[in-house]
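Single chain ahead, written as structure tokens, the form predicted on its own.
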Amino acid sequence: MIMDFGSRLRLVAALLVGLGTSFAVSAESPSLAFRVAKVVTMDAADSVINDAVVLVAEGRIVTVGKRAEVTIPDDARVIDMPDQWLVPGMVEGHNHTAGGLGDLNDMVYLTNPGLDTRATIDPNNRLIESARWGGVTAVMLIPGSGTNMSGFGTVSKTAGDTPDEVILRTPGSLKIAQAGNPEWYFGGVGRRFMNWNTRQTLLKAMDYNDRWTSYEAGTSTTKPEYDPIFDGFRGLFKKEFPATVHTQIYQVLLTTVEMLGRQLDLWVVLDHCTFDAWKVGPLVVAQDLWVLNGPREYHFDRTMNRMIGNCSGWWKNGVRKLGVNTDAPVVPERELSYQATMACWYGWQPYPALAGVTRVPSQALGLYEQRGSIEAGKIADFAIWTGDPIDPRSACLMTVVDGRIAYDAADEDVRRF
């Protein structure tokens, strides 16, 4: 059957009775058919399908194709939005709102390698709920940046009612902050000591991993003593998750690229990357690292006496693994798309910018095998917009997470703008 906005409003309202604005779903996951004007797939071929249908069942995308070529099952619930765009769910690589804000800055030591944000996950809190209003479906929840190493991050969905429902990967990353905040520690430390201390912590963790690897491979008969502080790092050195690094200013970013990328050969995702950090672009390309710029999207460069768009600077220096972030709640999570819009205003390009909030961060965080594009077999995480999400005139009308409608602007009980 075809359901207009009013019918969908009544259905969603019925599901939400007694549950406020929680991510409420029926016990079953019905098959859904979305008929839209345009699907921007963000697949490897950069396919765009006009007058399209996306079929969803059991949380996954079953079929994507032109309306005339797709047969909709008789039992599917049809959502007809013939003038709208369907794009992959946006992915945020630098987030502090998926967990309790008051419990993300345990600044005990300059490096705190044993801490983990998993215990702070707070599904459906007000700030993460608003992420769904802006089409954001997954975030990397990381600790604060008051110390050089503040603990492990957690990759989380933006919809679900319990921590087990929303957590996608834990550990999700190791959070490192090269500079910009940690200088305050115990009255002030300089970059020289901060870099030395971070390196020493990582080398100790690497030695622990090497000893266990040798023992497990049978090349050593001495079983290492279990260390709860460094055991979590084993996935980092196996490249099962990245180091997400708060780094900015070209001198600081240069040290990050050299120490973490070249010397330690880690999977590195550079975030913030603001001020004049884009000047290190050629070295970032050489090390094949990821850049997620933000929340500052521009910088006045005194050497050129002009305003420079940060993403434009990275792009002109050859960086293609480029996205943006909000550092929510510094910028509200729902405004992730607008961060990309500003990057375009200051010289970036619209299609790479749309990729920079969907495909690129999904790839950077190791999620792209299951999420980040509209392809058959992938998890059904996407949003429906009135037009191009990078156009500030566009609005998100619906957000789908795991094949379930997590936000519907037709429901006046949840719409906020």
Partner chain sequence: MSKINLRCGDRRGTSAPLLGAPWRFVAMFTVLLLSGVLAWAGESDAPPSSAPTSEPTTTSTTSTGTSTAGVEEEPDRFLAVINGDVYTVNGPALRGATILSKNGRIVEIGTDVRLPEECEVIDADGKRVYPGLVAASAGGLHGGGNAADTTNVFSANMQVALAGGITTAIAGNDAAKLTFGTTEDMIVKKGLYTSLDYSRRRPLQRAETRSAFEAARAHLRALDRYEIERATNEDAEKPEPDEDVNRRYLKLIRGSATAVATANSRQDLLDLAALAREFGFRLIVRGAYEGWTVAPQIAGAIAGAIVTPRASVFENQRSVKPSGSSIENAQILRRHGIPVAIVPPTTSITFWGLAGRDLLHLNMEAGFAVRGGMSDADALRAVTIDAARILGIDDHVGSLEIGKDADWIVCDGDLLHYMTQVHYAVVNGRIAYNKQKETLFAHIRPDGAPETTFDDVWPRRLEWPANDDSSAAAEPSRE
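Numbering follows the first chain given and starts at 1. Source: prediction; values computed, not measured. Think of the rigid core as the biggest set of C-alphas that the two forms share within 1.5 Å after superposition.
One more form of this protein exists, namely the form predicted in complex with the partner chain; it is left out here, but the text below deals with it.
Site residues Arg191, Arg199 and Asp231 are none of them in contact with the partner chain in the predicted bound form, judged by any heavy atom within 4.5 Å.
The stretch in contact with the partner chain in the predicted bound form, judged by heavy atoms within 4.5 Å, is 328-336, chosen from 199-207, 146-154, 70-78, 328-336.
Interface membership of Gly59, defined by any non-hydrogen atom within 4.5 Å of the partner chain in the predicted bound form, is ruled out. Although the partner is absent here, Tyr346 is a contact residue: one of its heavy atoms lies within 4.5 angstroms of the partner chain in the predicted bound form. Not displayed here, the partner chain is approached by Met307 to within 4.5 Å at the level of heavy atoms in the predicted bound form. Shown alone here, Thr111 lies farther than 4.5 Å from the partner chain in the predicted bound form, counting heavy atoms only.
This chain is displayed alone, yet in the predicted bound form one of Leu283, Leu264, Leu127, Ile249 has a heavy atom within 4.5 Å of the partner chain; that residue is Leu127. Residues of 273-312 lying near the partner chain in the predicted bound form, listed in sequence order, are Pro295, Arg296, Glu297, Tyr298, Phe300, Arg302, Met304, Asn305, Arg306, Met307, Ile308, the criterion being any heavy atom within 4.5 Å. Shown in the overlay between the shown form and the other one, fitted on the rigid core, is a CA shift at Ala217 smaller than 2 Å. Arg126 is not among the residues whose C-alpha shifts by 2 Å or more between the shown form and the other one once the rigid core is aligned; its shift stays under 2 Å. Taking the rigid core as fixed, one finds a CA shift for Arg302 of 2 Å or more between the shown form and the other one.
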